[in-house]
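First, one chain by itself: the form predicted on its own, in structure tokens.
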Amino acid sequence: MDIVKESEPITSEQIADKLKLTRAALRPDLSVLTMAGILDARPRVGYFYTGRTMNSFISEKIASIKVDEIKAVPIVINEELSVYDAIVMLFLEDVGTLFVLDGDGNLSGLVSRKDLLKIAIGNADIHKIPIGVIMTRMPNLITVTTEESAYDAARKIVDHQVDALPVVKLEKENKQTKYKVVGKVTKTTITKLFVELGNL
């Protein structure tokens, strides 16, 4: 990239000479940089630097990936479930957050590992307390839709310091917005995406 910036337009032969490589050895690198939009190639003229960087390429890639492509299966419970049963489900499903639905199947809250730990180490009878008593309720939840980008989801996780976001589909009902849970995005989801992009 530096060679092209300094000497544009420059042919692949000239770049290969400067690097003391063969054109064949250089071809894959030039292909990647051209496909990424960092370099532009013009027949019989040579390569130009477009001004884009690898950072902008990565940003654009993350922004182009929709939540719908990376969402995981959410674990949902109802408000009447006891704290004890929620703790059991948390461990059986090996998750950090449970999403709570009301009687109509709409998102009404969520409960995290931290919420359950806090109530469990107190003197409360966790067999009798329903999850609805300790959960974080709507509208205090941060949600994400399937059409938002992976970047938007990651930004919400960081900005609001949460471990998981419910992926929701919004539905209007009697002038009220209802939230149907269709997935989840977690810190693990974003980490997996980061690793996959690193393997490209």
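The first residue of the shown sequence is 1; numbering continues from there. Predicted, not measured: the structure shown is a model, and the values here were computed from it.
Same protein, other form: the form predicted together with a small molecule, not shown, and the subject of what follows.
- A single residue from the set D163, D152, D68, E60 has any heavy atom within 4.5 angstroms of the small molecule in the predicted complex; that residue is D163.
- This chain is drawn without the small molecule; in the predicted complex, the residue among T50, T34, T146, T136 with a heavy atom within 4.5 Å of it is T136.
- Remark: I142 counts among the residues lining the small molecule in the predicted complex, judged by a heavy atom distance of 4.5 Å or less.
- Contact check for K114: a heavy atom falls within 4.5 Å of the small molecule in the predicted complex.
- Contact between L110 and the small molecule in the predicted complex is found at the 4.5 Å heavy atom cutoff.
- Of the candidate stretches 168 to 176, 36 to 44, 23 to 31, 155 to 163, only 155 to 163 has residues whose heavy atoms lie within 4.5 Å of the small molecule in the predicted complex.
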